[in-house]
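Before any questions on binding or motion, here is one chain by itself as structure tokens, the form predicted alone.
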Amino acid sequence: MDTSNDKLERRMYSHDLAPLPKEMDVIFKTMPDQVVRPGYTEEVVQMVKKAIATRKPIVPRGAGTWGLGGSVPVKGGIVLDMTAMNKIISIDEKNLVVTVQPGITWKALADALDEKGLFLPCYPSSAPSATIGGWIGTGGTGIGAYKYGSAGDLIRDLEVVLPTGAVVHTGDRFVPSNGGGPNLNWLFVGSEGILGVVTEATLSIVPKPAEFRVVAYSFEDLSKFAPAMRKVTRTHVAPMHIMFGDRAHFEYLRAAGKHAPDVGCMITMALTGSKESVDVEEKILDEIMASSEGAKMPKDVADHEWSERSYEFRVREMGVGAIPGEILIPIENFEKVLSEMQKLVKEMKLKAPTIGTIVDNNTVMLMPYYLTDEHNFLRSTAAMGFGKKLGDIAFENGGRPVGLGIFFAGNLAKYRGKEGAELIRSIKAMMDPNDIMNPGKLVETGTRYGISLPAFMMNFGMNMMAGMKRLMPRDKVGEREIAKLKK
């Protein structure tokens, strides 16, 4: 078990994908007291028991590819870096399951399965760096979700170290957990590390499809794509994945020197199955897209976009911050939300390209990412209000933001209702009587002083940030690069 007390190394664990200004340390103790990298379940148990004895918080962490602070301490304590637990325990080709430690990346697992003619049906867009345990903890949707379901749908069994130090298995390795009482697998999906530490996961896998084909179509803008999107989701055509990007996204990619098409927006779909079934699906898609004035893109463009599917924030190479917001909305409100989102971007004087995916036949995930100077405390902090306002738009249109973490824990009651939120808090209190397991997240916004910020106070603060941003001069991040591109 590797342990570090080095100050510089501990500072590296005080943020995740989204940078936190050091001034936030006034409210949160984001620097851990110690970083520990366990290699086995027994070592995780030792650390949990140590945390109980010393009353120090313990914060499970994967690769830190999330942006809501779920793996960032708020009260110091021990960060449990799970990336050293990165082994494949077994690949069972007969029963089509794979058992792994939580620190392995989704890409590493997918590559190992590919060598055996097997296929990982769903994984996060950040697969090259995102870990199995991290994505289970955040409960995200991802690549493959449209056809195969999300990470939670793949889980057969989890091994979890509880906040008491006990070790439990949540499911059955070879068969679903249906009919055996409440499904404990789902208790930990999306729990953001507040209920225990996942130390092993058994996932369903499938044989590699005979045909894998990528197709892409361009439209004048995302709103023009909406009628075609609805037609696709109301057919029996089931692409593995449907993703899109708007004009600003591809414009910034070209400004960063990347290969990207000059389009109003582009929709990319991956098709899997037999050659005959994929031929049929492609023909139907061609007809639907053409009927809505979509243009089919060349195969090399489609293939290139698919090859870059895990690198949405390539614009960071311009030397700017790219902080994402994520919301889930009903398909029926797609155009309305786009309009309100674009109005918000304009009011807050931000640069915010939009990418997204079709999650299922009734749900779209929109992920605008705003460009900001992350080294400018006032601007980067004020821009955080964008996430709050974006979430408000989602709630008002029958959707919701994605994730809670530190800053959006006040949304729990909006997600689950007052009674549902209290039930989740009571589960947390029952399972973690010493309040050591990733405190200050999801069920509360904790602080370094041992008190929680009320939801209304966090919301007030976020609204204040948004108001500040409206009063600031317009952001000019990336304008020089765009101007050069248009010459």
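Note that residue numbering begins at 1 and tracks the sequence as displayed. In this text, all values refer to a predicted model and were calculated from it rather than measured experimentally.
Just so it is clear, the following notes concern the form predicted in complex with a small molecule, a form of the same protein that is not shown.
- Think of it this way: in the model of the complex, the small molecule has a heavy atom of just one of 409, 130, 222, 122 within 4.5 Å, and the residue is 130.
- Out of the listed residues 325, 140, 353, 239, 140 is the one that sits within 4.5 Å of the small molecule in the model of the complex by at least one heavy atom.
- The stretch from 450 to 458, 57 to 65, 428 to 436, 28 to 36 that comes within 4.5 Å of the small molecule in the model of the complex, counting heavy atoms only, is 57 to 65.
- Using a 4.5 Å cut-off to the small molecule in the model of the complex, each of 82, 126 and 197 places a heavy atom inside that distance.
- Taking the partner from the other structure, the small molecule in the model of the complex has a heavy atom within 4.5 Å of a heavy atom of residue 102.
- None of the heavy atoms of residue 305 is located within 4.5 Å of the small molecule in the model of the complex.
- Contact between residue 70 and the small molecule in the model of the complex is found at the 4.5 Å heavy atom cutoff.
- At a distance threshold of 4.5 angstroms between non-hydrogen atoms, residue 193 is in contact with the small molecule in the model of the complex.
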